[in-house]
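What follows is a single chain, given as structure tokens, in the form predicted on its own.
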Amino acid sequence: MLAAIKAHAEGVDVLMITSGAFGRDSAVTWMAGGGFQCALYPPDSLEVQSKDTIINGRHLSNQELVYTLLKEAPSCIMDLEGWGEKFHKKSGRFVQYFLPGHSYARCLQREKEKGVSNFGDEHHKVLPRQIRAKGIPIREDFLVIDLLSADGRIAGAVGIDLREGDFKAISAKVVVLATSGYAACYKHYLTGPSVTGWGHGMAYRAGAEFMDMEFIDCYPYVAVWPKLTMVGDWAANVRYALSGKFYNKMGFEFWESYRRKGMTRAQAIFKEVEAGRGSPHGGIYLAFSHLPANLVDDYIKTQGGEKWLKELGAMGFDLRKDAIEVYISAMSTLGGCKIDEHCRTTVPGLYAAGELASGFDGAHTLAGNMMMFCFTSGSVTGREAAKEAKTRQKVEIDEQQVKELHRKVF
């Protein structure tokens, strides 16, 4: 969406295509958590944040890309606030929190309302409204199947209009893909079910070079029981707030033995379940019974508006006595189209943004960096794609290519 907004601002014709109903789909943007990393105030700086990102990615990042996208972050924040997103501020300054791996507290968070602090709700309110206010054309419920090429560059796309059932071709001087990652290919995931790498497939078939497909960012504390109506990362918030302890089915607190071997908690949880020492629902136990009951009660009082807490209460689950079953879940994927600092792929006329693009994170996402990367890559992509479109003549669609793709689909 940010790519569409930025391209539109450059004065080019833009068509935004979504596979579902616009603003009512399973876009990962609506599921965004509470972090957005941005170096705003000294002694923090763009250089320090770049260094943190590169070190955390085990020096596998494209360093020019890191610097370019982090430099874009403050303007993205200003845009979002100007459009109506509510950030936590005091005395006119953004309140920033510290997250692991960062040299300074630089994580912006949403102004908390009625127990909700995730940015996804804010994005859901603001971004579709901006698209519509700017008059950017939208083709909803249109499932793009593949990309079209002509004269050695991308010339458009074909897909199925899900409302009419028709197979259609759309020509374009430049195409931007922003179809998210492939976390839903895993058994446990925190994204929507449509995040299956279908955009990766299109880019691959078009000849794009890929990188870092082996790197998956997994969240180790996602609830597999009790099952609530919301995403299971609520368990992690409780774990951090109350210093929960991890047990296998024999009641053994196993984490310390793995920590001495240099393993992560995600690796430890995987090893325990793989060895047959997991919980009935395929996880391990996260418990808080070691804490005084009144301490847990004090925490519960601070979370009175949270949906997960109300649902636990309705089902008779008691945090003071009962253990949550948690397991590893795919949260984001770091592999995708190799892009340069202009967010261009290796295929002429094709740009990539968000989780479809790769080269920023390296081997691991620095906490809170993913949402910032998605927004800044969208911003850069839209601007750069528009600049290229201004220099290009419209390419005629190869009707034979369209017919062949139609044959493959049907």
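We number the residues from 1 along the sequence you see. Just so it is clear, the structure is predicted and the values come from calculations on it, not from any experiment.
This protein has a second form, the form predicted together with a small molecule, left out of what is shown; the following refers to that one.
Proximity of 31, 190 and 370 to the small molecule in the model of the complex is complete: all three residues have a non-hydrogen atom within 4.5 angstroms.
Considering the small molecule in the model of the complex, the lone stretch of 331-339, 255-263, 314-322, 272-280 in range is 331-339 [heavy atom distance within 4.5 Å]. Of the residues 144, 216, 155, 184, just one reaches the small molecule in the model of the complex with a heavy atom at 4.5 Å or closer; this is 144.
Under a 4.5 angstroms non-hydrogen atom cutoff, the small molecule in the model of the complex has residue 25 among its neighbouring residues. Within 4.5 Å of some heavy atom of the small molecule in the model of the complex lies at least one heavy atom of residue 19. Remark: residue 198 counts among the residues lining the small molecule in the model of the complex, judged by a heavy atom distance of 4.5 Å or less. Residue contact with the small molecule in the model of the complex: residue 349 places no heavy atom within 4.5 Å of it.
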